[in-house]
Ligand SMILES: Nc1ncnc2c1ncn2[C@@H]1O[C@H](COP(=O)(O)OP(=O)(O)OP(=O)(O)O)[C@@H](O)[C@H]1O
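Take a look at this single chain in structure tokens; it is the form predicted alone.
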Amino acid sequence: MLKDCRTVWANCLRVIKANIGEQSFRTWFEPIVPVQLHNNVLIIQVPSQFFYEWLEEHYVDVLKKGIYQELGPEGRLEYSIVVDQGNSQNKPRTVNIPTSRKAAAPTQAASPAAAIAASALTGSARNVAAAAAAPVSNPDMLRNPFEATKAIDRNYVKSQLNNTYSFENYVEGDCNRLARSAGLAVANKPGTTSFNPLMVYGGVGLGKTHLVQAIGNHIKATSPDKFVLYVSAEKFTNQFIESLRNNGVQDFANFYLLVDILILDDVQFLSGKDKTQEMFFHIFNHLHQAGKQIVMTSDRPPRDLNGLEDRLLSRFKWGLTADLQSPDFETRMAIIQNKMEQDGIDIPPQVVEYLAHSVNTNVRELEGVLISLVAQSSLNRREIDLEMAKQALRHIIEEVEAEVNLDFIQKTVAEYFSISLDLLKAKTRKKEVVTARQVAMYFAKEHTSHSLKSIGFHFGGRDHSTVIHSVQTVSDLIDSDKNFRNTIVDLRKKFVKK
């Protein structure tokens, strides 16, 4: 009776399943597809080169046992390795390789691919594979779901996501529009867009973690069958080191290969960690070739990530790299208002504008100021006002206002011209008031780091064009009017730091 490849492989799987753990069987053997049986040679298709390497390193004996029982001593096994996933027009491209490196040489057509595959697991990776040969027998390792994966159902492993992060409360602006749009596209169709991997980079406190966790939460909400995992690069490294210490590298890899959407935060932390990079490289390859989504964050673009292998950096560039910049004034206003709405707090409009103008570094500092204001308001049983906001800024943000600040300039100029501070900021067009206001704006531009828009805001809500006109008018008068020039020289002495 002639046997077909499916029947032979099904019988081989029974032998294999009786000799390995359930989790390892699901991870490494369920994805295999029997392709052909010819002259006692069974050809099975595996999804990637890494998959082939892992089978050869860890399961070659049990594979040969199954083949021997089904096809006898003449039976042989070959792998059909998917090296190109193809698309709707083109079928996946594969190469065939015999089951053992000691077997007969592959056909001439397959030899280049075989040479690549045979050299893929080198150096530190081979040491890692050797460390993984001994099974993990300590049941206490299940204290952390990443330390061992035998008997773990991925449906019961937490994704390590913070449910408070969502696209709904992620404020969009010019500073983050590309990254947010790409993130939403990935969240709606993980693994199927050209944004794989998606790399989001930017400075501290600009919302990288919020955005990538929003991606994960959206996928979990819309595709609950997918396994989403968020992990920092530091935690990934520590888990890998622990698996080396406990001879659990195989379980470590098994776990990560179950993931459908891997979110790795602060990838720059992998710098200089060669063995960890080697493991992440193989995990990345397997997930990417299997159509799984990879999302990463970094504090700098891939080209500036020193200490990472070139082959990793090249893969980071396969998809989309999007940066996050410091939020502009309008975005900062929207962030404050959004935070007020979430927390149910009420802040006067002038205070909101003052905060948006003054805190222009990152979102985290802005939220810190708001938390401080709410705390002070609650403890002192006092409504939030402009004075309280100024006090909060002095205590939270270093050097928000220089020694020569806007308040000092306004008070000094108002006193010099013998007018009130309120009149200096008023809408009046009296000549002496206009001149004093223009001089104050001139010194504000010269002695502070405030933007033109911010200076105008502190002078009664005027726009930046008014500030530009004032600075130009004062500059022209300095050149053309000796008495006015002496006035400016006299006032400038008051703004020189002693």
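These numbers were taken from a predicted model, which means no experiment stands behind them. Counting begins at 1, following the sequence as shown.
This next part talks about the form predicted together with the named molecule, which is not shown.
Trainee: Using 4.5 Å between non-hydrogen atoms, is residue 190 touching the named molecule in the predicted bound form?
Mentor: Although the named molecule is absent here, residue 190 would stay clear of it in the predicted bound form, with no heavy atoms inside 4.5 Å.
Trainee: Residue-level question: is residue 169 within 4.5 Å of the named molecule in the predicted bound form, judged on heavy atoms?
Mentor: Residue 169: yes, in contact with the named molecule in the predicted bound form.
Trainee: Any chance residue 348 has a heavy atom within 4.5 Å of the named molecule in the predicted bound form?
Mentor: Result no; residue 348 lies far from the named molecule in the predicted bound form.
Trainee: Would residue 203 show up as a contact with the named molecule in the predicted bound form if we use heavy atoms at 4.5 Å?
Mentor: Looking in the predicted bound form, residue contacts with the named molecule include residue 203, since a heavy atom lies within 4.5 Å.
Trainee: Could you work out which of 316, 165, 354, 408 is the residue within 4.5 angstroms of the named molecule in the predicted bound form, going by heavy atoms?
Mentor: Filtering the options by heavy-atom distance leaves 165.
Trainee: Using a 4.5 Å heavy atom cut-off, which residue among 367, 415, 304, 274 comes into contact with the named molecule in the predicted bound form?
Mentor: In short, 367.
Trainee: Thinking of the named molecule in the predicted bound form, which stretch from 251 to 259, 206 to 214, 307 to 315, 383 to 391 has heavy atoms inside 4.5 Å of it?
Mentor: Looking at the partner contacts, the answer comes out as 206 to 214.
Trainee: Using the arrangement in the predicted bound form, list in sequence order the residues of 24 to 46 with any heavy atom within 4.5 angstroms of the named molecule.
Mentor: The stretch 24 to 46, when checked against the named molecule in the predicted bound form, contributes no residue at the 4.5 Å heavy-atom cut-off.
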